[in-house]
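Quick setup: one chain, the form predicted alone, written in structure tokens, and binding and motion questions come after.
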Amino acid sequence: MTDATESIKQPDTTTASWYEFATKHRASIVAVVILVFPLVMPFTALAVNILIYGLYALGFNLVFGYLGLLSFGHAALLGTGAYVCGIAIVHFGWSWYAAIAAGLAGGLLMALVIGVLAIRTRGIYFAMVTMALSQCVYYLFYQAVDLTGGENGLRGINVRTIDLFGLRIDFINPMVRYYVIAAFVIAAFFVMSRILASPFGAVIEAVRENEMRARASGYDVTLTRLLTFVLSGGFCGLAGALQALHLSIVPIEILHYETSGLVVMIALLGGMGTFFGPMIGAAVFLVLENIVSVWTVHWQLIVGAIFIACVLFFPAGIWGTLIARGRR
């Protein structure tokens, strides 16, 4: 009887140790997966899109999954990063790395502006206010035709070669482009891991779990929310800047509210409040879109049905549900 009991308990111990290992080295695991990812994808452009939207969802997940606030305005953060990066290259002739830094800073600044105006609201009111402010940003960039190209988008973001430590690298090569973008995405995941493992990361989750207790413990809940939203803007701004370099154009649709809804779907698919969830959600959604759109122009209907099925059978998202079942 004792031997049988020990044999039953052993898998739980093994699972717990693997989970602890994966949590401790989560950013390194993501880095390894990203490095081998293009080898299993049908074409490199799809792998790059998954990286960029995974990074976008990573920033969104910081607010939605870890802080517990639903935002419908993250398209403004992604779009601002893309437009600032593109404008820096097209109109001011900045180098590619300075333009990426500008895009990241643009996302941070836009998140600060939206956060100051919206962060004191709660629940559905926060979602609606962020969506309204995001549409204001859409209108602002739409009207600035001389800078943004208006409804035609910003064109001419041509980065053919990049200088890296004295080496000239061909950015047109799909595999080279993937690994240049992957370097930024991997760095972002390491930064996110550090944020979540820090005392500030614990405060973020404390605010999500019980705002009143967090406030009673002496934490400034409003400031915590604002800083989290601003940090989220930095990740989304970086994703936008990388997308501008990848596409060589910034379409005005990047600021549309549908882009905000897309990242909500990605986060729910992968698993809100999980570290790997955003990348898994982006991979599942974009691969499904790529496969189904080949067979029918009504791919949204089929992908939507699959999304509903995933929500029903994976209530915590694909990765979140797998983690929950693995802990049992």
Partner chain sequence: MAGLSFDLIALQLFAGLALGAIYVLFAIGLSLIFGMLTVVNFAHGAFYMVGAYVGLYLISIGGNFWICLVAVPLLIGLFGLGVERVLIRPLYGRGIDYPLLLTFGLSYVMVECVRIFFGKTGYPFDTPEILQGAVNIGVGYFPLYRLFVIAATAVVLLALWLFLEKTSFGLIIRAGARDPQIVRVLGVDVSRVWLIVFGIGTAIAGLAGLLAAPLQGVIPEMGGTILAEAFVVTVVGGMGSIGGAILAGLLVGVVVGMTSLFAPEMAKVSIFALMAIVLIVRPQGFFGRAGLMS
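Note that the structure is predicted; figures quoted are calculated from it, not measured. Positions refer to the first chain, counted from 1. Rigid core (definition): largest C-alpha set, two forms, superposition within 1.5 Å.
Missing here is the form predicted together with the partner chain; even so, the following discussion is about that form.
Trainee: Thinking of the partner chain in the predicted bound form, which stretch from 227-235, 100-108, 253-261, 156-164 has heavy atoms inside 4.5 Å of it?
Mentor: The contacting stretch here is 253-261.
Trainee: Using heavy atoms only and a 4.5 Å cut-off, decide whether all three of Phe72, Tyr125 and Leu140 touch the partner chain in the predicted bound form.
Mentor: Spot residues vs the partner chain: full contact, yes.
Trainee: Would Gln300 sit within 4.5 Å of the partner chain in the predicted bound form, counting heavy atoms only?
Mentor: Residue-level check for Gln300: yes, a contact with the partner chain.
Trainee: Contact between Leu147 and the partner chain in the predicted bound form at 4.5 Å, heavy atoms?
Mentor: Outside the cut-off, so no.
Trainee: Can His91 be called a contact residue for the partner chain in the predicted bound form at 4.5 Å between heavy atoms?
Mentor: It does not: once the partner chain is placed as it appears in the predicted bound form, His91 has no heavy atom within 4.5 Å of it.
Trainee: I'd like to check something about Ile34: if you look in the predicted bound form, is any of its heavy atoms closer than or equal to 4.5 Å to a heavy atom of the partner chain?
Mentor: Answer no; every heavy atom of Ile34 is more than 4.5 Å from the partner chain in the predicted bound form.
Trainee: Considering non-hydrogen atoms and a 4.5 Å limit, which listed residue (Met41, Met265, Leu286, Ala27) is close to the partner chain in the predicted bound form?
Mentor: It is Met265.
Trainee: Name the residue from Ile169, Cys136, Leu223, Ile195 that puts a heavy atom within 4.5 Å of the partner chain in the predicted bound form.
Mentor: Exactly one listed residue reaches within 4.5 Å, namely Cys136.
Trainee: Who in 304-321 is close to the partner chain in the predicted bound form, meaning a heavy atom within 4.5 Å?
Mentor: Gly304, Ala305, Phe307, Ile308, Val311, Leu312, Pro315 sit within 4.5 Å of the partner.
Trainee: Please state whether Trp319 has a C-alpha shift of 2 Å or more between the shown form and the other one, with the rigid core used for the fit.
Mentor: Comparing the forms between the shown form and the other one, which are aligned on their rigid core, Trp319 does not shift its C-alpha by 2 Å or more.
Trainee: Between the shown chain and the other structure, the Cα gap of Val40 to Cys310 differs by 3 Å or more. Is it closer or farther in the predicted bound form?
Mentor: Residues separate in the predicted bound form, at least 3 Å farther apart.
Trainee: Taking the shown form as the reference, report whether the CA atoms of Val40 and Val311 lie closer or farther apart in the predicted bound form; the distance changes by 3 angstroms or more.
Mentor: Compared with this form, Val40 and Val311 lie farther apart in the predicted bound form.
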